[in-house]
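First, one chain by itself in structure tokens, the form predicted alone.
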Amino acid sequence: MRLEKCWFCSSTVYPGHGIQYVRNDAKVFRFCRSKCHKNFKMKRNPRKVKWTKAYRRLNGKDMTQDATFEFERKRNRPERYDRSVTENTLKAIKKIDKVRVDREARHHSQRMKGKKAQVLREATKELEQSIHMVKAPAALQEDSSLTLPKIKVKVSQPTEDNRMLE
């Protein structure tokens, strides 16, 4: 069973699925679905369309440089059957899949590292702005511990020279 890659979005095209387009110069383009085929006909660049694999790799959303991808490309080529080689290959495939999953998880955690602090800051800011919606104004006046502490900032007073310049 030969699994092809979609020319536009790089997803897998299984046998009996998708569309195959042959240009006048005999170049074959395979598409996984009509969405990809239509975008190709509209002459869209896959690197500029946000949902494609090319865009995600170009903008650092997916892993690009990894040795496990090279192994996947190599194993698509047909080779003469040899039982010991096949056995070793199947063991290697399992090991490589585990390595790939670990690396993808590490990549995802590195991408999401700064997200937690940002979400916390946004939540605090929103709570400061709309604390009156959470607690009644009368309760806030009675117990000042319910409100968030105010941050005091020193502001320098403009001098006579600065006022004249303005």
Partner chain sequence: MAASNSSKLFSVGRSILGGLCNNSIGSIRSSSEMVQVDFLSQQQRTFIQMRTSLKVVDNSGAKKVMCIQALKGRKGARLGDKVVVSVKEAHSGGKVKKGEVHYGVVVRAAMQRGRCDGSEVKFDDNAVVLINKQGEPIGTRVFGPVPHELRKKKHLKILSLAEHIV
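Residue numbers count along the first chain shown, from 1. What you are looking at is a predicted structure, and each value in this text was computed from that prediction instead of being measured.
Below, we turn to the form predicted in complex with its partner chain, even though it does not appear here.
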Flag this candidate site as yes only if R56, H107 and Q118 all have a heavy atom within 4.5 Å of its partner chain in the model of the complex; otherwise mark no.
no
Does the 4.5 Å heavy atom contact test between M42 and its partner chain in the model of the complex come out positive?
yes
Mark V22 yes when one of its heavy atoms lies within 4.5 Å of a heavy atom of its partner chain in the model of the complex, and no otherwise.
yes
Is R47 part of the interface with its partner chain in the model of the complex - any heavy atom within 4.5 Å?
no
4.5 Å heavy atom contact, R100 to its partner chain in the model of the complex:
no
Of 34-42, 110-118, 48-56, 123-131, the segment with heavy atoms within 4.5 Å of its partner chain in the model of the complex is residues 34-42
